[in-house]
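As structure tokens, the next two blocks hold two forms of the same chain, structure 1 and structure 2.
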Structure 1
């Protein structure tokens, strides 16, 4: 007779001393783990619920401006520094880690319209309503020194926007025309005009550094190549765009914030139809900024909210609002991809987390592992109705909630009417126009 009976030596399974950690022998045999999918689903559901519980995006409010914040600029070299300009011509430099203002200067008379930090991070430019472009040193003047600009250029007309070249000492302004300036000269090296209009924003492409985009008040978006004498092309839309932002990772994509409550992502090679229409705001969109990864962007709107959109998603994944935040004028995504800054009408700058439920600070390895695991689970089960409902639910202020509903009803009514018209007219006379095609009037080369 040959016999063997299971007999486990407890020494192999129990820790030796109390100072050791417990032994956990594993066996990954699927037979020992029934209900794999349902248990994972339950975990995913719990993770989603916990995410909503821990979603506390608001970090700090930076107050100190004595008028609405009109523009902000990210520091190109320092993560903790940020600049903001207000409607009374005051510029403040902020230390974000300490949540305090480190420097204040009266830059302009009237609005500070635009602001940008030079690529080296040692100086910054401002434009204002007083028709001047000023260059300032980044560091605070020493004791007894006067706060005065390094350089002042007096222009002929009001400047409304400003952006600096990524690598060269060249910057662009916009106003009645788009001007390209050399830092060394007091007159523009090139001026672009295309019809009579005024421009509201100009942005350099961060990848293809010689390319520019600008938004004009005749409802068009104009693209330029700095090396050429004439603009490249423009697209005219049904409503005016306020600003645009280039995708920092995909050189030919840009997103513009439109007056018709939507944002449009365009491929600059094919302007006849936007790649994506991002809807969710219920009032004009005033500003947009991409995350440094190029996967998401944040938009600020007149409806007193900021929203975060995935770059290829039609609807926002997140909406931030507070009781006291008024019309949000400007918004920036911090270069470390973790924070969002918004400047609004009621003189405050607010600091938000980009991921509302993210835990700040250093994570222990096990913590990180658990977070990654739950993230993966949430992704895996995100289309299940219950999980999606919880993940997508956001509390909105009453007014916005009602307005969303109203807009939905209006849209539905319009669609219904169109459908009825199509039904009762000769086939082919009322073509189906997709949402993407609806908002573009024409492309001019």
Structure 2
């Protein structure tokens, strides 16, 4: 007589020590899990709804300025330190963990137009309407010491922008021309002009550190190489760009904030059309800053909102606004990718979460696992109509809602008129111009 006996190897399911993970046999055959997708869809829907419930992005308001906040600067070495300059020439140094101002200094007469922290973090530079560049110590002066700048350079014209090299003791200013300065000298080591009245912003490339870009008043964006005697090339657009920001991970890409309510991401090698047009604002975009990962950027606008865009997305994934916030002049993304700082007209600096529904503080391992699982489910089902509708819906102020509607109607009317003209013209006389090509007039080498 034969007896069939089940025989199992204990090594397959018995733990060696009590610290080991329990081994659970799992059969991945989809026939054995007929309701897996429906169950996951329900979980994804619930996770999306809960994300909207827990979306509380506003963290703190830093008040203390007596005039509108005109510019901000991130500390290169300290996450908790941030600097801001206002329209009355005052500069404040903030401790972000305590939400308080640790130092105030009267830096300039008139506006503080630009400020930047030196790459080593020991000092910072400011420029203002009084035609001066000043270098200040980062440490607060000791008891009885005067609040004096380390160095003062008097320029011939008003400076409108400032940025520092990532590795060397070199910085760039812009005004009527773009000047490259050595910290040890009181006159510029190189000046770039290209038949332009004035420049509004200048930025060093964080990856290819010898490259820099600037926005000019003749609606052009000009690119330079510090090793060359002349500018590289420029692209002239239909409307003026206020500022630009280089992608910190992809050396060739930069995004500019334009007066025509849009942002444009360019590849500096092919300037004849932008890589992407980012639309959603309903007024001029005044500032832009990339996240340290290079995957997203934040923009500040005259329409009293800040928006977060994916670098390759045409529309924003998030919009932040409060009842009291006025025109947002400057915006910064913190170097740890967690927070966003915005400075606005009504003298306040606001601290926001970069991810509105993210839980701050220490997460238990199970909490982190649950959050990661929810995130994966939301990504898997993000194209389903109901989940997409809930994830994309945002409450907007009435004025912005109406302006968005109005802009959509105007755009549709323009498109319809163009279609009708093309329909009643000889074939080929009215070419189809893509949205990307519409905003670029020419590229000058």
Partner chain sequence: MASPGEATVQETHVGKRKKNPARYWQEPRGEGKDGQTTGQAPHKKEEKTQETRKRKQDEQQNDGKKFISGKSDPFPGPAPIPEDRVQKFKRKEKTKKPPRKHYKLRDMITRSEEASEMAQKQAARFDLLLPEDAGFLEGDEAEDTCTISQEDIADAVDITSGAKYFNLKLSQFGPYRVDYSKTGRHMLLGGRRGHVACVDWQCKQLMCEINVMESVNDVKWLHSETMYAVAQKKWLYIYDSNGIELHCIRKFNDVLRMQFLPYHFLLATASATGFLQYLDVSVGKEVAAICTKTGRLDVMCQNPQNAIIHLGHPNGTVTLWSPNQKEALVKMLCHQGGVRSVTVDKTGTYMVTSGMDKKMKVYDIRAFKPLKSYFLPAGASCLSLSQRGLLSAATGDIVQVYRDVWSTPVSKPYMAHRVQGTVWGMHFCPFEDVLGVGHGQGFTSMLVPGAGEPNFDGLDANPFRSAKQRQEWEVKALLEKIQPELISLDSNELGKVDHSTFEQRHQDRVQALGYDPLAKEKFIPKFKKKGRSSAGAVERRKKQVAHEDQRDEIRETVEDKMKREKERKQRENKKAALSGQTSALDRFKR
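Positions refer to the first chain, counted from 1. Only residues modelled in both forms are compared. Not measured: the values here are computed from a predicted model. Here the rigid core means the biggest group of C-alpha atoms that line up within 1.5 Å when the two forms are laid on top of each other.
Remark: the form predicted together with its partner chain is the source of structure 1; structure 2 originates elsewhere. Core-superposed comparison between structure 1 and structure 2: CA of residue 14 displaced by 2 Å or more. Core-superposed comparison between structure 1 and structure 2: the Cα of residue 423 travels less than 2 Å. After superposition on the rigid core, residues whose Cα atoms move by 2 Å or more in a run of at least three fall only at 1-34 between structure 1 and structure 2.
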